[in-house]
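Single chain ahead, written as structure tokens, the form predicted on its own.
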Amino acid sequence: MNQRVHARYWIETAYPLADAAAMMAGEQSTGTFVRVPGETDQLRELYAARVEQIVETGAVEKPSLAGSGAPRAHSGPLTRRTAEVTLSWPLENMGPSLPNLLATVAGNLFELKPFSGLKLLDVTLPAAFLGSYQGPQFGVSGTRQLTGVYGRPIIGTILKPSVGMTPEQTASQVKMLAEAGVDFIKDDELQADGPHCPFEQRVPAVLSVLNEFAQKTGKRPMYAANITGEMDQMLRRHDLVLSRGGSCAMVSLNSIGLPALTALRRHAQLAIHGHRNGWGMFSRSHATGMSFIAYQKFWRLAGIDHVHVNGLRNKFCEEDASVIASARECLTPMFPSPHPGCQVMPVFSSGQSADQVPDTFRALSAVAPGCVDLIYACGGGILAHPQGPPAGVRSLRQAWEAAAAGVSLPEYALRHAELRAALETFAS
């Protein structure tokens, strides 16, 4: 194959940086804590991970994580240094396999005692992976075709309350949201197949409402039905959505895993909406886990079409710079031309309203001037608008119109009552 996988890490260690990086490379390829019979120089030359680069970034007085050790010969004050380390592996080690790739670049490294901090920052993959994985089926352009929305963000919302509604109540809310002008409606990740709202009753009820709405108006909002479950359940649920005229299925990525998503993608005729709930266990600490930049590449290659990236000034702990970096990465090709780029639609959500629109627009313009390739999902920003959900939807469209025209929201709101009310209600 003669191709290599590269991974970049942030590390914190009391060991000499070159020694620490060599330990990482050995642990995740040919080595263990001692040299063993069979670990020949020839084998190491062919299959050992390489340390490609070490860039020291600073020092810390206290360990970020408990349980780390120091070199045996250490004496005197202990200095822990931080660095970015890039390792590479021959593709032969794991083959073009996402589960085995994950075991290689994010396996036992995180608990190695020499490190008081270690985080996976990025991965770069050879195009050979495209022979095993299909990537997104619809992505940005296909999602626009399915929704019929061009030249602006897809305005979406989440069914609330998350759980507790019956299938009939859910369908009633969907009808109201469709009539309000929403482009995209999704189940909450907590609502899959509860006994009070069974999937096989909820989905036909919702899609019946949307089919009737489409017949009357010619517009069909996309409904992302939460099909998360066991593999056979997900395939049956996918087929039910498809048979009733639906266009999208949602899955909780961390719940189902990469092999299940891969199998679903091979079967799918629907767009796959990837929800990253549980993401905080990878990202909350600066000292362990992985960045979203690395995380989303696995799922894009496996076949999602949309993925959540949080939102600006969100209700969670993620900083705005991280949110925007995540969204930009989703829209950036994974592989050089002429290979498929695997771009997917970023989904902004969590406490979003008209208020965050100008900053979101400016930040995404770094991808391409005037870029509006995103799903902008607002719960309270639509449902809690003081003039009602239709006004909530209009306020969002007005905010994006203002941003695209380079007009401030307060100025645009002088001529648009819905936007003015949204700013009075939601502006931070």
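Residue numbers run from 1 along the displayed sequence. Model, not experiment: these values are computed from the prediction.
Beyond the structure shown, there is the form predicted together with a further copy of the same chain, which is absent from this document and is the topic of what follows.
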{"item": "Of 128, 321, 190, 78, the one that lies within 4.5 Å of a further copy of the same chain in the predicted complex (heavy atoms)", "value": "190"}
{"item": "Candidate from 254, 134, 82, 211 lying within 4.5 Å of a further copy of the same chain in the predicted complex - any heavy atom", "value": "254"}
{"item": "Output flag, 147, 239 and 412 jointly within 4.5 Å of a further copy of the same chain in the predicted complex, heavy atom basis", "value": "no"}
{"item": "One stretch from 377 to 385, 50 to 58, 362 to 370, 391 to 399 that, in the predicted complex, holds residues within 4.5 Å of a further copy of the same chain by heavy atom", "value": "377 to 385"}
{"item": "Residue contact check: residue 138 to a further copy of the same chain in the predicted complex, 4.5 Å heavy atom", "value": "no"}
{"item": "Residue contact check: residue 181 to a further copy of the same chain in the predicted complex, 4.5 Å heavy atom", "value": "no"}
{"item": "Heavy atom of residue 204 within 4.5 Å of a further copy of the same chain in the predicted complex", "value": "no"}
{"item": "Residue 338, heavy atom within 4.5 angstroms of a further copy of the same chain in the predicted complex", "value": "no"}
{"item": "Heavy atom contacts to a further copy of the same chain in the predicted complex at 4.5 Å, residues of 274 to 296 in sequence order", "value": "275, 276, 277, 278, 279, 280, 281, 282, 284, 285, 288, 289, 290"}
